[in-house]
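Okay, so here's just one chain, in structure tokens, the form predicted alone.
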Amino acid sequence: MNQRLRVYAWEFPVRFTHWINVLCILTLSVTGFYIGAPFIHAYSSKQYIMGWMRFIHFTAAYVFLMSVIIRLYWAFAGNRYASWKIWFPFSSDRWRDLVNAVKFYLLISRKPPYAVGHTALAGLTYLIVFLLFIFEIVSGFALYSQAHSGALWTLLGGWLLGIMHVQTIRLFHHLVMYVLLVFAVLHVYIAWHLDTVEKNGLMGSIFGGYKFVTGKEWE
């Protein structure tokens, strides 16, 4: 049996923003879907259903914005496993890691993509995900800015109205929501599968921060 080393991979800001993002995306998806296609109808003028849905949606949007800002800051201030560098697989080693990971997920290879932090494929995936996060934030504030004037709203997303039609922004804002939800399902499945194959405590690491490695991660 290989001796396993306990490594502190995910620092608190990484874990904190991860779970804040999970809660925000779920909240924004449910309330956003309702705003676009109400599935609960009021039977009295005292029932402020749409108002509450919009309030919760906007509140979650502000929290989501701050969470993304904190995570982006920590990409420069955190440890090597949180670094922005893992999002860009431009070195030869990272490209080889990415190819090997793709072979594993396509069932071409049986060797899992060992890594203490994120694999090259995971890093590239998270880059795309964070770009989608940013688009959702900008497009959301673009829609919000229609009823709010000022430099702040223009900076946060109002400028997008000069590039795209309102209905196009709304469509893409809605479609990206589905992309993120599909990613969330795949993310949980892949993490669970890797935890089962590598037996490195991957699922538990997002709660406690620690993973258990054998040395294969540095091969």
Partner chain sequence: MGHRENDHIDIVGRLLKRGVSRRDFMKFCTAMAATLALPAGFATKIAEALEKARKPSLVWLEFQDCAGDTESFLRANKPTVAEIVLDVLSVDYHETIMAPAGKQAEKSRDDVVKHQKGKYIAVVEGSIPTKDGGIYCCIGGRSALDIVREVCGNALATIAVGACAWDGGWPAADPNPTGAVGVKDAVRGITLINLPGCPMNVENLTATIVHYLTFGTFPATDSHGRPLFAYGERIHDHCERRAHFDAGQFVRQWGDEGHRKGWCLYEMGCKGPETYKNCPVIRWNEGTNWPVGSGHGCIGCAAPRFWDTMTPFYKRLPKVPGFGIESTADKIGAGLAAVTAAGIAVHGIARAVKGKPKEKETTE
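Positions refer to the first chain, counted from 1. Keep in mind that what you see is a predicted model, and the values were worked out from it rather than measured.
We do not show the form predicted together with the partner chain, though everything after this point is about it.
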Stretch in contact in the predicted complex with the partner chain, which is absent here, among 128 to 136, 71 to 79, 106 to 114, 89 to 97 (heavy atoms within 4.5 Å): 106 to 114
4.5 Å heavy atom contact, residue 150 and the partner chain in the predicted complex: no
Contact of residue 170 with the partner chain in the predicted complex (heavy atom, 4.5 Å): yes
4.5 Å heavy atom contact, residue 40 to the partner chain in the predicted complex: yes
Residue 49, heavy atom within 4.5 angstroms of the partner chain in the predicted complex: yes
Contact test, all of 34, 178 and 182, partner the partner chain in the predicted complex, heavy atom 4.5 Å: yes
Partner-contacting position among 192, 55, 159, 62 - heavy atom within 4.5 Å of the partner chain in the predicted complex: 192
